[in-house]
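Quick setup: one chain, the form predicted alone, written in structure tokens, and binding and motion questions come after.
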């Protein structure tokens, strides 16, 4: 199912995908940074969450989505998922060397550089925290700050249900990170779903600063489009369309609603 929510034309498009609604948080940054671009967003909600799958499964799912988007005319791809970036980005770049491919990663570097009095807490999926990409990032930056990691099992599923004020979500956050209350002052949101519940996380942890990769991803996409001279920076007004592997009106409406939420 696909639906267009804004725009008046199409001059090629940027394909953006995630395991579900989480990547919409990245999409918001992309649209703000590149208002002249057309974006086609695909949420693989039928296979969500990716964070509990094997890297091989995530890579295969990502490859299928990328192949379809490229066959439909995508000029660039954004992997709007930390888990899929870790598991599949190198393989996709090797398979499509002429296509700009941008991924996301936990914003540990800016969180460490920001400094503070407490620890840095990294919230991410199981797969993101176990793959080499995060281990290299942690090895590079954890030397300059005390870093704690939390594999937030079940959090993506709660967010995918769409009820962000559900008591079950608050209770889950308390179980996941409540023990860190008063110990951390910087929180890295290492999954693109998590920016949608930063307020709920703050209610558990208190006065903390949040860091995520959305703005950096958008800036990197701009750089690659400019490098390849395919940036649409004229008078064209970009459009955004949504599609999902769960082909129902309710699922599409969920994406549309998340696109309007602050994150």
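These numbers were taken from a predicted model, which means no experiment stands behind them. Residue numbers count along the first chain shown, from 1.
Missing here is the form predicted together with a small molecule; even so, the following discussion is about that form.
- None of 111, 156, 184, 102 but one reaches within 4.5 angstroms of the small molecule in the predicted complex through a heavy atom, and that residue is 156.
- Picking from 234-242, 46-54, 62-70, 205-213 the stretch near the small molecule in the predicted complex, with a 4.5 Å limit on heavy atoms, gives 46-54.
- At the 4.5 Å threshold, heavy atoms of residue 78 stay clear of the small molecule in the predicted complex, well away from it.
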